Structures are given as C-alpha cells and as structure tokens.
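Only one chain comes next, encoded as structure tokens, the form predicted alone.
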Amino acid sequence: MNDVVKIGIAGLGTIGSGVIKSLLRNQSDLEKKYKFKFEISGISASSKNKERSFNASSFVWFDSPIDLARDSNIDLIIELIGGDSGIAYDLAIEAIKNKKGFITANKALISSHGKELSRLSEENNSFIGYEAAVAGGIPIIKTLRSGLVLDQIKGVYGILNGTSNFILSKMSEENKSFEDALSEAQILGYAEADPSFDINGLDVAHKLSIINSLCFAEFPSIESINVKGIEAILTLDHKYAKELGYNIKLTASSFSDGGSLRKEVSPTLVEMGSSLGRVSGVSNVVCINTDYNGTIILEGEGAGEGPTSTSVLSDIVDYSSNNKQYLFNKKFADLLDSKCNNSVIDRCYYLRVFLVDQKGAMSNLTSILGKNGISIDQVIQRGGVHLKDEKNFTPVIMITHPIDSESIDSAFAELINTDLISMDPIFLPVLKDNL
C-alpha cells in the first residue's frame, strides 16, 4: 500500500459531505494517531453544480463514479450513493475487480448482494468496510467482526432504525398521531420524502440480515426474516401500553431455536425500564447474547452526518492499516444460505380490537378467543372512548398468557367476519424480562 492513501468518494449528500469535512478537519490527528496520510483524489455525484457544505471545486470531479474505480491513481473507493442496484452496485463490483479498497454505508447493497461481494472480495483479496451500514455511529460491525473473538453468539436483538424510533417516541411521549410524528421526522431530516422502508420494517430487515451473517455464518437475506412495520400503530396503543408498563418499539431479533434461526422485525411491547424501553428519539441499541461475555449492550445515535461519518472514518483507518478480514467473518465456502424458521412458539401478545358498544359483545369476544385457546392475563376496556370515526366502537386492550401466533390468527380471522369489531385488530409480541 502507498504511504498516502488516495481516496475517491461517490455520493456527496449529507453523509458524503460529512465524510469529506471530517477527513479534512481531522487530518493532523489521523496522521499523529494512526500514521495515516490521505489525498482525496476524486469526487463524483449526480450534480456537479449543486451547492454543498464544502468547497467541491477544490477536488478533481469525475462525471461517472465508475471512472473513480478505473482510475489507477485511486486506491480506495467510498460509496455513499445508496440503493441496492444501479450505479452503487456497479461501482462496488468495478472497485473490487480493480483490486481497490471499498467502503460503503449502503445496507441494502451489502444485504442484497452479500453473497456475490463475499466471493469477489475473497477472490481479489479486497478490503470491504461497511461499519456505517448498520446502526450509524455504534461500532456493531467492528464488535462482531473482531471484538468477540471465538465467543459464541446465541442471539441478538435491538432497535436498528432511528426514524421509526423517533416516530414511536413522539407518539408515546407527546401524544402525537402517526401522521404528525412522521411529518416532524421529515421536517427534521430524519425521514425521507418516501419513508416506506423505515416504517414498513424493510430497512431494519436489511440491517438484521447483515448482523445475522456476522453472528451466524450465513449469507444475508431479508427473505428469511418475518417483517412487520409500524403503520397500524395508533396513539392510543402507546397510551394503553404505558398503563401496562410497556413502550412500543420496532425491534429486530434473531435467536437460535432448535438448531435454526428465528428472525423477526416487528413492533413489540418492551418493558419501560429495559434497555430497549429506555431508548428514545433517533437512538439505536443492539443487545448481543453471548456464551462467554454475557449480554453486551451497545447504544448510540443510529443515523446522521456525525455518527455515520465517524463509522466511515473508522473503516478508512482499518484500510490504511491493511486490516483485511473475511466479509462475514468466515470464508465464502463456510457460509450457508439463510433459512426461515417458521416453527410455532408460545409467547405473550398485546391484542387491540375496537369492540361494538352493545350488550353481550365482550362475552362474545372472549368466547371466540377462548375457543382458539387464548387466555387473557390483563384487559383494559374503557366505555366512552372512541376514535373520531368509530362512535359505536370502543377499544379493548388485552395482554395474553403465552400462546402461539397461529391461534391468534385463527381467532382474528373469525372476528373479522363478525359484526363485533370495527377496523382490523392488531396483535404485537410482548418481550418480557428483557434487559
């Protein structure tokens, strides 16, 4: 490797601009602490003349990001374009085939093409860094790649999306509607104009698939993860969850179950005082359950210019130190295709229905639940509480004793075909006794 690392940066949005400013601001400290000298030898983005937070005219401009990967004067490519296909994918492949280092904050790219990238990086002895792809400034990738040497990981769970956590926190703490909380997230820059991936759980699924690869030696795949988003959560769900001692969070989890992995992304009730229940705003938290080190908890900012830029710089320093590792901790030949575990497990659930205000309705509801083997632990029913357009229906909130989801599905399918309820009911898993 050259004494001076020559860097090409593709994508000059908030994160790309932040990386450039951070490199320049910390240049002397990087050299003193890590003996790292660099030169930004080229930049590229979709628009050359766009106003940016740094002086773009100070650097050599490349109209095509692909040309960065083909330039013999550039050692390291940093991809901050985003997306699992198109130019970001083409740039990754070209950089690796030209034996350049490659750093990305693109979780969709790593998740969707991890199998191919693992093979290519091994064949070309290439460095690939992706610390910024999961959980922003939390060093979860570095922890899983090198911090837990020879430890056995039994499970992992956490909050991996700052946008959804911000929305749910605003709904819970300030009694805001889902729509108002989402609008505020967009105004503050936490949510995109199209926030679909954040609120439907797919962003979290991409991140969880990457974590699974590092923890459990499998190629990343979101197809093997059961995914549910937060779109159906109402403000009153937060109100009643708090009465019962819980907060509602969009959680990701993977646990070994009978020799295979149970993987899930779902809004979940977590105890208010727990490590997940206490996390508010755009923060993330990851809990790693290990054999030798117990449960390790990492918490911090999950997104934004500062945390993400810091993670990118961490990868740059690793590259400069020639710190090469297998992409997912093991050789390509030792990784397995991911599989979905659909076995039925019993756990407690939060149920919410809007029950018709008429005599005998509650008795009929509990009869249907009982017929499907569902036993109720706690119940909240408040007469006179209605949604604006549901004047003849009142919310009924229940926490079940442990039961399998198939029984709940069966009960809800029966309920939907009666006149007892309005709106589709919801059921959310309850994570009890979590740290």
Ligand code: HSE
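Given the structure is predicted, the values throughout are model-derived calculations rather than measurements. For every residue, the number given is its place in the sequence shown, counted from 1.
Omitted here: the form predicted together with the named molecule. The next part is about that form.
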If contact means a heavy atom within 4.5 Å, which one of 298-306, 266-274, 314-322, 118-126 is the stretch that engages the named molecule in the model of the complex?
298-306
Exactly one residue in T163, S224, S112, S169 has a non-hydrogen atom within 4.5 Å of the named molecule in the model of the complex; which is it?
T163
Using heavy atoms only and a 4.5 Å cut-off, determine which of A92, A181, A191, C215 is in contact with the named molecule in the model of the complex.
A191
Contact with the named molecule in the model of the complex for K107, defined as at least one heavy atom pair within 4.5 Å: yes or no?
yes
Contact test in the model of the complex: D237 vs the named molecule, heavy atoms, 4.5 Å:
no
Contact between K207 and the named molecule in the model of the complex at 4.5 Å, heavy atoms?
yes
Is D75 near the named molecule? Define near as a heavy atom within 4.5 Å, in the model of the complex.
no
